[in-house]
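Form predicted on its own, single chain, as structure tokens, below.
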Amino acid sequence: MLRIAIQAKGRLNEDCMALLKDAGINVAASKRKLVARASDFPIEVLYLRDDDIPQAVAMGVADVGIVGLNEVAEKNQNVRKLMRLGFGGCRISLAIPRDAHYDGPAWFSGKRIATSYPHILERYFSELGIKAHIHEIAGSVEIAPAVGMADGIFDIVSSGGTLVQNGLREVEQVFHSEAALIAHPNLEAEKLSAIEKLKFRFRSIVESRGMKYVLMNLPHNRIDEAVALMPGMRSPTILPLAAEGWCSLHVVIREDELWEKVEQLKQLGAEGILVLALENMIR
């Protein structure tokens, strides 16, 4: 039985539960439970605080875990990073009062910096030869300059709205993070086999996100131009139609390229274009 640690509550918990469900693994939501077992895969879920997950995996309390790379870097535990999962994206940045004059990272020399990620910040400053006073604070880091506890902060930034609300501005992006699957470094063969199955399912879901399956009717004499336009995963699927001189072309397109490609295909004479959601993509 494989044990996976995930965040007990919050956005990362919701994303993890959605990923497990899409992977065909149905687990009851935490609802104050510490452990829940899946009914259709040999796995049980351990619900923890996100900052406890790297240590739990390193100690072998959990075999694998899903946690932000920021927590992995901060805790610096002996774990294996298996794969990025494409959600929970954020950055950890240095921010200073909005009206402060800033001329580069040297500004922080001798300053007091409040953060919940002291070790990541220490490594960053060490690489630049900057000596600053780092103060670890748990929660509400962004208010530290306003109440006189610090000259600047080092904290997670998503949209930047919280910084603006607290009179701060982002000046250095130091660490980019997203959710990742991590594992204990020494697992027996049976559990390694289960992890490979889990990675296979996760990878098919992650790779399908942001992709669309597109079908269209196309004049046969424009096939070469269409193939050159979008070769697909290997090449588009082309099937003959009953109508002479026409074919059906099937292709996978990145969502961010979809409308540009559709417009170009229309110019080639494509008709009856269907755009479908892509649930899983297995390579």
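Note that this is a predicted model, so its numbers are computed, not measured. Residue numbers run from 1 along the displayed sequence.
Beyond what is shown, the protein has a form predicted together with a small molecule; the following relates to that form.
- The stretch among 237-245, 46-54, 250-258, 216-224 whose residues place heavy atoms within 4.5 Å of the small molecule in the predicted complex is 46-54.
- Using a 4.5 angstroms limit between non-hydrogen atoms, residue 156 touches the small molecule in the predicted complex.
- Put simply, residue 208 is far from the small molecule in the predicted complex: not one heavy atom of it is within 4.5 Å.
- When contacts are judged by a 4.5 Å heavy atom cut-off, residue 71 counts as touching the small molecule in the predicted complex.
- Using a 4.5 angstroms limit between non-hydrogen atoms, residue 166 is distant from the small molecule in the predicted complex.
- Think of it this way: in the predicted complex, the small molecule has a heavy atom of just one of 120, 82, 90, 134 within 4.5 Å, and the residue is 90.
- This chain appears without its partner; in the predicted complex, the one residue of 272, 24, 10, 269 with a heavy atom within 4.5 Å of the small molecule is 10.
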